[in-house]
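For this one, two forms of the same chain are given in structure tokens, first as structure 1 and then as structure 2.
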Structure 1
């Protein structure tokens, strides 16, 4: 395997691996390890070029630094991508090769699941390196992060409710959820249990029907869901849904959901704010999953009670973000970056 370093300003280490035998072509970006070893998922995608893959891994690894800094997981930010078609290119040799690539970084990058990578793939990676998280609960690992992401989001929604109406109660709040998969579906149930009026929307009709039959949620089509008058619109499907075309359609008082990278561009958070809509920055409110995984790395190993205690801090983190936004008169996404960079600066100052 040939491993080469790519120099990128502002990143601690970016490396490329090419292995003819297994067909591996992969990149790992370690953005920042000030707060601890970098952790971020492994993604497999049929990128059109290495430049496209590099753009993705750089953006995602920086995002992980911010997310972990705000969530105080004791971790830094990193990410890895495998270039290739997940439908046709997965093999034992490929993931063993990826494991050796990760191992070559001696623990400054720790991997987990991301798009198109599942536990069976990571189990092969683990044959070559110990720097793997998010494996089965039965093996002492932290298991599926989705329920914890949903739980963290619910806790964050209480901070949102308080910011809107001075009360953390979600009873009677009208919430529209786009995407009721692993996270959005669990969130819908938790919200209903908290007394909220939940409307769901998903392109997967079977999933919608299943949830409607079981819990009696109201349903709206994907075309119409943005225009539904509600207190909170919760994007839990895919990223980039909030943009110049969709913002004028919003009829909510707050925007708060689990989907990553909800804003097509960072400037859209300011446009949302100008419309008087409160935005809970995605990486602050959806940190439950990464917090749960990070507990695996504590000296005592994974402990669900500890994970839950730490996930509860999402409430305080969002309150801080809203405070900074008000105090400095800036959009909440800029406020979250400020909170993350203050924590990074404090850690750097303490270590000097």
Structure 2
């Protein structure tokens, strides 16, 4: 396996791995370890090029630094991506090679689940490295983080509802969820149980039909979902969906979902704000999964009660972000970065 370093300003370490025998082509980005070793999920996607994959992993790893700082997990930010089609390219050899790649970083990067990567894949990775989290509960790990991401997002949506209408209740709120995979689907169910009126869409029509048949959700096509008027639009699929083309089409009062890097560019948060739409910064509201996984690394190991207590703080963190945004008259993404930056500065000062 050939491992080469890529120099990127503002990142502690960015590395590429190519392994001809297993077919592995992967990138790991370690953004910041001020608060602790970097923790961030592994995703597999058929990127069109390495440049596209690099763009993704850099954005995601920086987002993990901010997410962990705001959530006070005691960890830094990192991420890994595997270039390839998850439907056809997964193999034991590939994931063992990925495990050796992770192990070469000597613990500054710890992996977990992300898009198209599940516990069985990570179990193979673990054969080559101990820097893996989010494995089976029966093995003393924290299990699948998806339900906790959805739970944390629901808690955050109560803060959004309160900011909109002075009441944390979600009953009667119209919510459109774009992307109903493991996290978005779980969030849809939680919202319905909370009395919200939920409309779902996904490029995976079979998944939409399954959820519609089981729960009776309203359904809209992925191509037309932005035209649906709602209180909250909740992106829960891939990032960069909020951009110059889509913002004029939004018919919502708030933007709050589980997807990472929802804004194509940071400036889009200001554009959304100018339209009177409240934005819950993604790395604040979707931190439940990483919080749950981070508890594995505490003394004594994983404790679900501790994880849920920390996930409940997402409500408080969003309230702080909204307060900073109002006080300083700045977009909420800038307010969230200010909160994260303050916590990083405090950690650096304490270590000096």
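Numbering follows the first chain given and starts at 1. Only the largest set of C-alpha atoms that superpose within 1.5 Å between the two forms is called the rigid core. For clarity, every value in this text was computed on a predicted model and none was experimentally measured.
Note that the form predicted on its own is the one shown as structure 2, not structure 1. After superposing the rigid core, the Cα of residue 297 is displaced by less than 2 Å between structures 1 and 2. In the core-superposed comparison between structures 1 and 2, residue 339 has its Cα shifted by less than 2 Å. Once the rigid core is used as the reference frame, the Cα position of residue 326 differs between structures 1 and 2 by less than 2 Å. The two forms line up on their rigid core, and residue 32 then has its Cα shifted by 2.6 Å between structures 1 and 2. On the core-superposed pair, the CA position of residue 56 changes by 4.7 Å between structures 1 and 2.
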